[in-house]
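First, one chain by itself: the form predicted on its own, in structure tokens.
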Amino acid sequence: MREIKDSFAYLSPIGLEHKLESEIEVLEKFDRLYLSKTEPKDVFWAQNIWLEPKIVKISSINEAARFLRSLQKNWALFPYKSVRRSMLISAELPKIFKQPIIFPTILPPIDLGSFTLLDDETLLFSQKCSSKFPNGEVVFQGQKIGPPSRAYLKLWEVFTILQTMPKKNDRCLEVGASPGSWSYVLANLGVNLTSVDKAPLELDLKKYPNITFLKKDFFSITPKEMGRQDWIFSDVIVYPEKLFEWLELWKNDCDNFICTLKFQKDEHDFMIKNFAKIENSFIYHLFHNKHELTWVKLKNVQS
């Protein structure tokens, strides 16, 4: 067995390989999986990170399965080369739960490893990964009636990863709320929600007496007007510089933030590090983000 010293394996989201490649020094590339010595703290466009990648030679399907089982129980396959052979190895391993999950859910308490074959006799694997979901894919049992768009899945995913969410009666402010998918999630948590947008929500507000809707530009919303908030949420389409400037107004008047960072052009990517420097904050590429990142700042929770 060969350790790949001081290296990590980064799995790119589909179609965003160029984003990941711009962040890391690439040692080797295996389709969407990259070996690199770049530290995870400096990488944001990864769907999953293999934290302890190693390589071992195997002579048969049974030997590979026995070897992986001897290390731990749960393994997820990333298909690359020798796909049929790797699938037969996966079939010899304990089954991992792959059904769509129901929100809310508790994260599995044990690590999920990842493996792939580089050829018929070369196994690349990592016992520890950044995600507890196979290849970082957080798949929910969706709701066909209720939310006006699939954007609610981003909020479900980040709450699942963080294992925290607003409590009943928390004061929450959502900006850029239309058409209302995040408002739908938050209102059903029982929070006291103020939703702000120049466009109306596609929700029956009479059904949600805990939503107060303000039809206005969110840039005009200030702590002086709204008062202290427990949470601020944003999925608004705006340049990250503008969002950063507005959030500065709230740094002493809100405890927790969850905001989508939209990057319409690569020249705005420099703002990622500005958000990352904010104390007690984290940046994720969610499975449901696509060409976006999600910035989180929490008062009490470390991730």
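When you see a residue number, it is the position in the sequence shown, counting from 1. Quick caveat: nothing in here was measured; it's all calculated off a predicted structure.
The same protein has a further form, the form predicted together with a small molecule, not shown here; the description that follows concerns it.
Contact annotation: the small molecule lies within 4.5 Å of heavy atoms from the stretch 178 to 186 in the predicted complex, the single such stretch among 85 to 93, 130 to 138, 178 to 186, 224 to 232. Within this chain, D197 lines the site of the small molecule in the predicted complex, having a heavy atom no more than 4.5 Å away.
In the predicted complex, the small molecule lies within 4.5 Å of some heavy atom of A151.
Taking the partner from the other structure, the small molecule in the predicted complex has a heavy atom within 4.5 Å of a heavy atom of I237. Though the partner is left out of this view, F218 does reach within 4.5 Å of the small molecule in the predicted complex, counting heavy atoms only.
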